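Only one chain is shown below, in structure tokens, and it's the form predicted on its own.
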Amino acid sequence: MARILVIAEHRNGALSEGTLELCKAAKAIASAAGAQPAAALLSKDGSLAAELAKYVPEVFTVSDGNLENYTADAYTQAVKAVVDAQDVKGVVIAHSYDGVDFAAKVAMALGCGIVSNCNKIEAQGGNITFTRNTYNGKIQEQKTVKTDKFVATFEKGAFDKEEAGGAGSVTAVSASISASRTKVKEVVETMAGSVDISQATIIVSGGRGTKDKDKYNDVIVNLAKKLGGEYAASRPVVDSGWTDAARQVGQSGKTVTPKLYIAAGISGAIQHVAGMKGSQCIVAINKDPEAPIFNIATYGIVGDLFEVIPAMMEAIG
């Protein structure tokens, strides 16, 4: 049976949440295409294979010293080795920094079509139709791939995370990974010790309307702590130095999909919305009733955030 193949992302000995979302996507595509979901683990030693096999029925491992650190060349060679060895109809990749870097190279190596930044799939007459964002999310367009195989990248939050289930099979795939043209000399953790806000279930985010660093800390940071969540910011706040870049949400920052996203003093520029529109519940606080953020908000509060947020904290107790 043909397979829909997830390319697992992992770092520091753990699978990314995006990988678990891809497993759910692969199952949806496989069901529509009459295929089987599977995953490929590309690494130095395949140590995460058993963990990955909890989410898909088949895992294929390519283990090679040249895969210890990510490079587009090595990953492309490894993916092609799995596709050549197995009956693979589609390859799904996270629309992340690494995924965007190597997905097109994989499509070129396989000689197939690619659709990037997808957020939805539909089956029409046995064909898969992909929905993707264009113009910073202002337009949703639908694409189909006419080649026998396809490569698709999915944005974070397009699918829920797959829940762990039984133990799938693990099969090693032999591959000779040649040295990459890119040499990884050192991996520098520029945000070492910083929280990964993309994993948070509650986020309180502040924008230019918070006025200054002290007020941002007073209302945004304190409300986030009171709710047991994380605090975040729009780009103007980060550019002003009120908080660090690891907490920036938006097209040039992190993409987040929490259960609750509170946007305070954020107008709703499309660049920011692109990074948080997948949140389950969005609460917008802005004194401008015409602010674009209200167009995507689940609940909107028109008012001064310096009055609204203290009242919220008082009500929380």
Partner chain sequence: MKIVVCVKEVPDMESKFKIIGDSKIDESQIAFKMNDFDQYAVEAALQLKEKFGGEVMIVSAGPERVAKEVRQAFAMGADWGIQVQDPEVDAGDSFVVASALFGAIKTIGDVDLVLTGVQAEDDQAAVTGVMIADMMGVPHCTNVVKLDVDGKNMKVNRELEGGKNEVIEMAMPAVLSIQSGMNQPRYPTLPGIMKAKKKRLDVKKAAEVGCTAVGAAGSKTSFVKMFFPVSDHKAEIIQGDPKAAAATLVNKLKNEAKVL
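Residue numbers count along the first chain shown, from 1. In this text, the rigid core denotes the largest set of C-alpha atoms whose superposition between the two forms falls within 1.5 Å. In this text the structure is predicted, and so the values were computed from the model without any measurement.
Beyond what is shown, the protein has a form predicted in complex with the partner chain; the following relates to that form.
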{"item": "D244, heavy atom within 4.5 angstroms of the partner chain in the predicted complex", "value": "no"}
{"item": "The partner chain contact at K44 in the predicted complex, heavy atom, 4.5 Å", "value": "no"}
{"item": "is_contact(Q140, the partner chain) in the predicted complex, heavy atom dist at most 4.5 Å", "value": "yes"}
{"item": "Partner proximity in the predicted complex: S252 to the partner chain, non-hydrogen atom cutoff 4.5 Å", "value": "yes"}
{"item": "Joint contact, L227, C281 and A315 to the partner chain in the predicted complex, by non-hydrogen atom at 4.5 Å", "value": "yes"}
{"item": "The partner chain in the predicted complex: contacting segment from 109 to 117, 214 to 222, 82 to 90, 160 to 168, heavy atom within 4.5 Å", "value": "109 to 117"}
{"item": "Contact set, 295 to 317 vs the partner chain in the predicted complex - heavy atom within 4.5 angstroms", "value": "N295, I296, A297, T298, Y299, G300, I301, V302, E307, V308, A311, M312, E314, A315, I316"}
{"item": "Exceeds or equals 2 Å, Cα of K254 between this form and the one not shown, core fit", "value": "yes"}
{"item": "C-alpha of T147 moved at least 2 Å between this form and the one not shown on rigid core", "value": "no"}
{"item": "Core superposition between this form and the one not shown, C-alpha change of A26 at least 2 Å", "value": "no"}
{"item": "In the predicted complex, shift in Cα separation for S116 relative to Y261, 3 Å or more", "value": "farther"}
{"item": "Pair D160/N295, Cα separation in the predicted complex versus the displayed form, closer or farther by 3 angstroms or more", "value": "closer"}
